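Here we start with a single chain on its own, the form predicted on its own, put down as structure tokens.
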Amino acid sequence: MLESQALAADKTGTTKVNDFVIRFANVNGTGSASANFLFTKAIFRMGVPVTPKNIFPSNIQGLPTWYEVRVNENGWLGRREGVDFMVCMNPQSMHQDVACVKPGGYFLYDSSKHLHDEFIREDITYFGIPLMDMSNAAFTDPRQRQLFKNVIYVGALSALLNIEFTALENVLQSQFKGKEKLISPNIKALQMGVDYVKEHFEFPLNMRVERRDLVKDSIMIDGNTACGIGAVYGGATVCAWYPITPSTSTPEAFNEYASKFRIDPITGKKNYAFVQAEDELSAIGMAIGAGWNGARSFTATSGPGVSLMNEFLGLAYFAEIPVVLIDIQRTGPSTGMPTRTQQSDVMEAAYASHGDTKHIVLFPSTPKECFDFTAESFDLAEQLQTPILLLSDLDLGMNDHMSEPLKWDDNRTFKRGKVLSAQDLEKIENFGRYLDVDGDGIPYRTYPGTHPTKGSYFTRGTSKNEYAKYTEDSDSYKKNMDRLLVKFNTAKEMVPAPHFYQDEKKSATAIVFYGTSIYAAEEAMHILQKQGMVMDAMRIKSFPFSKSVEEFVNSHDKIYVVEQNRDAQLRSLMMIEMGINPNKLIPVLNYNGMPITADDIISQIK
């Protein structure tokens, strides 16, 4: 009765093609992740833009977990408010799951148990499928019964939403390559879901998927994996790390790909070091030590780890040692919400350590930029002889995104900066490790053991003169600090340039954003433009701010700064570094742990 009444109401609706949000409510440890990804990948294989987001708890108590998929053939793949189709497999979250479905939407549940009246809404369509009963009847192994229950609902969705069955089969064949015996039972489970829908419901729905050719050569990859690959291609040979959510998969990806590409073909030995340290302090210390010794080294962590690493970052800044730190931001402060996203480490990264310290910070927005910026970080670290902090976040790092392919120029050479060889040292009468020879604030350095008698110096965190000799002379200290600031200004035109969304000024009002805010910000700009509100736009990719950033800001009267933190940290950074009038910079903020949406941006601007 439920289904027939709701379906009758649904028939009056309009058809929505390749434009919906579907959410899966699951229980941790039930094997739902692979089934849900099967659903996403099949739509991607049909040439339709799609992106998923994992929403999961930070503990092991079996709390609710969700997997939210946005399908949009126009390419707007940021998180969107409201759910069009809910697949509810978790009784614990059912109240919340029913409530989030938009009027006219759909709700699929396991009817092996009766659905209580308190979960019934008159304005949505219900699909009751006895998933557990069907799985128990078809499979004997207890673990398989639980796993294939999830695959059955994917099969049901393929019929309801018009997803090509062959696309699902192709994904399974790729997923289980080398484990072909698993393909047949998965296809059986899919077909069970299809058959049940054909027998009990009208299909496909008004909300459906149609094949397109819109993804072209795009790939699906998460930002952490892209960072790990970028570190391999960027020449990293040392990774020292300590596990912390949500960064752990970054060094794991580095290790996975380094074990393929960094093995000596003759001896079979690894040409890289991968060290799990006892804590964050040890991790950054090892990475800095390796950088001092001439290796390209990095560590990966999240906000709490960066807090612990502050003192060592100050040492690397003051002693001028190259190192890369990849920070996958999460919700803070303190432990915060470890499995929720935020852009809340901006100020910490820019000024990490006590005293007058300024760091180079990069803000990737896509997996492609995670790859590119990570590789570039090692060049910048060695050219500038300083820590480089790359700020990704949980949304970008741990979720799969549709991305441009990762590309590398095999003719590209590493930029190792001002490194003196033994021959260079022979020509120098007095080597000064901290001498500004070229006027750009960047001194020359040597690798340990370069020359038997020349080029050595004492690396210290205490004040020193241009020849690395300990001193507490005020003038020497000030001269060194002034040179570090000159180097910081030199970096302004070396870091990734901002992206401008117009060739020339079109409006006195502008919007500025960075990182994963790109997805919602670009969609918001599109909607606002259709409503007659045209704004110039700039996406900042790095700190320090280049001259072009300053010119853009100075040329506009009002600027909305979109951020995913409470305290408008990028806005604060802009005011501090460029002396901008606070009244000119209007914060547009989101800090609830979920990715910002276009609707949220629009409502705040309006």
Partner chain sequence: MTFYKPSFRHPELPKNKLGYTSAEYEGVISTLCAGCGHDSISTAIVQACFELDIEPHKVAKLSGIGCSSKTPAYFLSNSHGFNSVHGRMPAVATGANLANKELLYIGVSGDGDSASIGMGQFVHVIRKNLNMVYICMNNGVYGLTKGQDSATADVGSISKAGSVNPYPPIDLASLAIELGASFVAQSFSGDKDQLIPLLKAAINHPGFAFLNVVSPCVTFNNNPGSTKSYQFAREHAACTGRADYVPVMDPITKSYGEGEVTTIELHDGSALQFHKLDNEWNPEDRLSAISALKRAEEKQEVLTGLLYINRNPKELHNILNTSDTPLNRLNEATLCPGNDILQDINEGFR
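Numbering follows the first chain given and starts at 1. Everything quoted here is computed from the prediction, not taken from an experiment.
Heads up, the form predicted together with the partner chain isn't pictured, but that's what we're talking about next.
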* Asked: Ok, 321, 495, 207, 168: which has a heavy atom sitting within 4.5 Å of the partner chain in the predicted bound form?
  -> 321
* Pick from 146, 465, 383, 282: which has a non-hydrogen atom within 4.5 Å of the partner chain in the predicted bound form? -> 282
* Asked: Are all three of 221, 229 and 293 close to the partner chain in the predicted bound form, meaning a heavy atom of each within 4.5 Å?
  -> yes
* Asked: Would residue 257 sit within 4.5 Å of the partner chain in the predicted bound form, counting heavy atoms only?
  -> yes
* Does any heavy atom of residue 441 come within 4.5 Å of a heavy atom of the partner chain in the predicted bound form? -> no
* Decide whether residue 82 counts as a contact residue for the partner chain in the predicted bound form under a heavy atom distance cut-off of 4.5 Å. => no
* Although the partner chain is absent from this view, report whether residue 363 comes within 4.5 Å of it in the predicted bound form, heavy atoms only. => no
* **Contact segment among 272-280, 340-348, 126-134, 243-251, judged by heavy atoms lying within 4.5 Å of the partner chain in the predicted bound form** => 272-280
* Asked: Heavy atom within 4.5 Å of the partner chain in the predicted bound form: which residues of 224-259 qualify?
  -> 225, 229, 232, 233, 235, 237, 238, 257
